[in-house]
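Single chain ahead, by itself, as structure tokens, in the form predicted on its own.
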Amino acid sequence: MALIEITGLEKKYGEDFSLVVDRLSVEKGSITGIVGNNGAGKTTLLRLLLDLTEATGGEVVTDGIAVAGSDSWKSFTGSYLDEGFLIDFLTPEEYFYFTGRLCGLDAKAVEEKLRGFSRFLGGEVMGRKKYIRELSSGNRQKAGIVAAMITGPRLLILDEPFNFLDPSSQILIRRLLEEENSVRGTTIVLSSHNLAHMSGLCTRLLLLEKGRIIRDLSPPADDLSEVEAYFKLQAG
């Protein structure tokens, strides 16, 4: 059963279309990865899923709700696309409590949720008495991802979650996403340049080129060698 249904979706800047998706369904409980080079339309697609930019045409429907016509889908959706999602004059703790309150979680419930992220956050995010703006790029990335996940969303949308993270943290977030999906049944949509992480994590991979989906693959059943060959060709 589909959680997200996209029909005739278009985003146009000036005279040029940056994204055209005629039809796309995202199944409940799936992990859908969006891959492609810079400018392929990955972030544009995620922003349209979250109604952060106005579509030129078509619609996105999440759990039967047209995202452009209602806010009710936000109650079960967690997301982190970039640092614009952060409130950087708060400490990470204040930011987590604030995010939790928006979803009906009290401080005790937030603290309980945060225990599951203690290894990922490490000792450099919590208890440092630093504002988010004072953290490194990697630790700001961690704060944004954790804030999106502690609310227990049924739908989780992340843009380049492996960016700025050291190798150990990349492995940890991959494990956390796998657990979120397998234990809670969370539907996850994410983009990344990291094909190695995506191919092992995702149940479906969409390859975007110039705003169009040119491949729709289901690893490990589908051979990803053509995707690897595509990136090698683009690299020259």
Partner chain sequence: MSLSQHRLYIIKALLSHTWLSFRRAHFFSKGLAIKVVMLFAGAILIWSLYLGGLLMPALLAEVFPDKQALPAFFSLLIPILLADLLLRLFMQKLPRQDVRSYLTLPVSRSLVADLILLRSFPCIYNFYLLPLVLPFYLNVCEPGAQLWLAFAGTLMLIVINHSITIWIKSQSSPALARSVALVLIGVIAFAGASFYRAEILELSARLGTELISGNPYVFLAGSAVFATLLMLSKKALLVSFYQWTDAGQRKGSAESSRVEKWLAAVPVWGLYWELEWRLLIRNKRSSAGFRQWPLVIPAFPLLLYLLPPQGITEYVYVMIMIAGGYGFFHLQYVFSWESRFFDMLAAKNADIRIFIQSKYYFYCLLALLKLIPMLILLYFAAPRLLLPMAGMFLYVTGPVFAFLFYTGVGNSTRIDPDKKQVFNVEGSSGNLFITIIAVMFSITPLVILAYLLPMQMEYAIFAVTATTGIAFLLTHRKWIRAVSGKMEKRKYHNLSKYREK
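Note that the structure is predicted; figures quoted are calculated from it, not measured. Numbering follows the first chain given and starts at 1. In this text, rigid core is short for the largest set of C-alphas that superpose within 1.5 Å between two forms.
Missing here is the form predicted together with the partner chain; even so, the following discussion is about that form.
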**Asked** For the chain seen here without its partner, which of 64-72, 24-32, 197-205, 169-177 has a heavy atom within 4.5 Å of the partner chain in the predicted complex?
**Response** 64-72
**Asked** Is there a non-hydrogen atom of residue 120 within 4.5 angstroms of a non-hydrogen atom of the partner chain in the predicted complex?
**Response** no
**Request:** State yes or no: in the predicted complex, is some non-hydrogen atom of residue 53 no more than 4.5 angstroms from a non-hydrogen atom of the partner chain?
**Result:** yes
**Prompt:** Hey, in the predicted complex, is residue 162 touching the partner chain, heavy atoms inside 4.5 Å?
**Reply:** no
**Asked** Looking in the predicted complex, any heavy atom of residue 82 within 4.5 Å of the partner chain?
**Response** yes
**Message:** Given a 4.5 Å distance limit between heavy atoms, list every residue of 100-115 close to the partner chain in the predicted complex, or none if there are none.
**Reply:** 101, 102, 103, 104
**Request:** Examine residue 16 after superposing the rigid core and state whether its CA is displaced by 2 Å or more between this form and the one not shown.
**Result:** yes
